[in-house]
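Heads up, the chain below is alone and in the form predicted alone; it's given as structure tokens.
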């Protein structure tokens, strides 16, 4: 569907600093940035930190670091300021109190003194009568006296709530099915469905782009926007959920792939992860799968975002990341590999890069491929044929210039003379030198070691000098 016009596009994300940065936060941020940048708009970062028990300042820093790593920078936020600050909800409590007082004064909200036990009894009664539960409005018509503790409930006006979703089209909810909901908790803090629309209105957010799990919150929030006399956002877009392999919603507790830090630690390139996230729930309508960020800006539209959840696929991510690694020039790949190979000097990494490019799906794999350069593997147990292959290789390699090409030529001569397949000759050499069945191409595997070390390991595997 076409994007509704807005004189000045303003989009936002509002993550909660209650744990590690979530992959879903990155996905939501990406779609907001793509839409905002493509329309010359402003991207706002707002921190939803009203969960006093679970919020931590270090988690807020993790959000900043993760988004910066992905290149998803914001125009306004707690660390940058802006015309509509403050940008932490914990610093906006007076605003929420003022709005709650307005609603109370206009009879659009009321104090609720019901205890949790009383509310639970209401729910059980509704369940017993096989009817959907709605709050009884007891405190609107006959509030109990002598109770100091209360929440504030919004008085739902009923009727139909309609809005435009840029993915799902025109949406309609029956507000008569919605009970009067709490907007201020007994501790004085606002609920999500109160603070979020108040902030969106105050910050002049024009397009609310967020996860599908918030679709059902939208009628609640729009009723509050209307009751407060604010202009509604131009449109909403509720993105498909990211699902784990088992089809469940990606969870911080159950699914390690939800942790955004994991991708940085494992050596996924940020630009590759951005590419993958863009395709997780959206397709360009062409066969193209590798996109630069500028290409995404030009190609992305909500018309081609799917409604159903998008299942996370490690195989697809690894393929995309491998493609990005192979497109890096050698100097850039050397630079990016340094943090993952602290035991090696830069010159050695640089020499290994041409071989690693063909083997890596993520940068962290390099350490497993090259650890034989700083650890001495135990000699392998070899059958007689393998011993003979290594003995022939030692003869062929004596006096050969210690570079990949001449090493390759010498070993191919052994292959030709033996009549065996290359792997039959190369595998015992690889085991003797690295202790593993997988390593860089055999010529690089040998050349990256000093010649005397490589030859010593080969000779040790066959019981001494050939």
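Numbering follows the first chain given and starts at 1. Every value quoted in this text rests on a predicted model; they were computed, and no experiment measured them.
Omitted from view is the form predicted together with glutamic acid (GLU), to which the following refers.
Peer 1: Using heavy atoms and a 4.5 Å cut-off, decide whether 15, 48 and 214 all contact glutamic acid (GLU) in the predicted bound form.
Peer 2: Yes, all three are in contact.
Peer 1: At 4.5 Å between heavy atoms, only one of the stretches 133-141, 72-80, 188-196, 321-329 reaches glutamic acid (GLU) in the predicted bound form; which one is it?
Peer 2: It is 188-196 that comes within 4.5 Å of the partner.
Peer 1: Considering only heavy atoms, tell me if residue 210 and glutamic acid (GLU) come within 4.5 Å of each other in the predicted bound form.
Peer 2: Yes, residue 210 lies within 4.5 Å of glutamic acid (GLU) in the predicted bound form.
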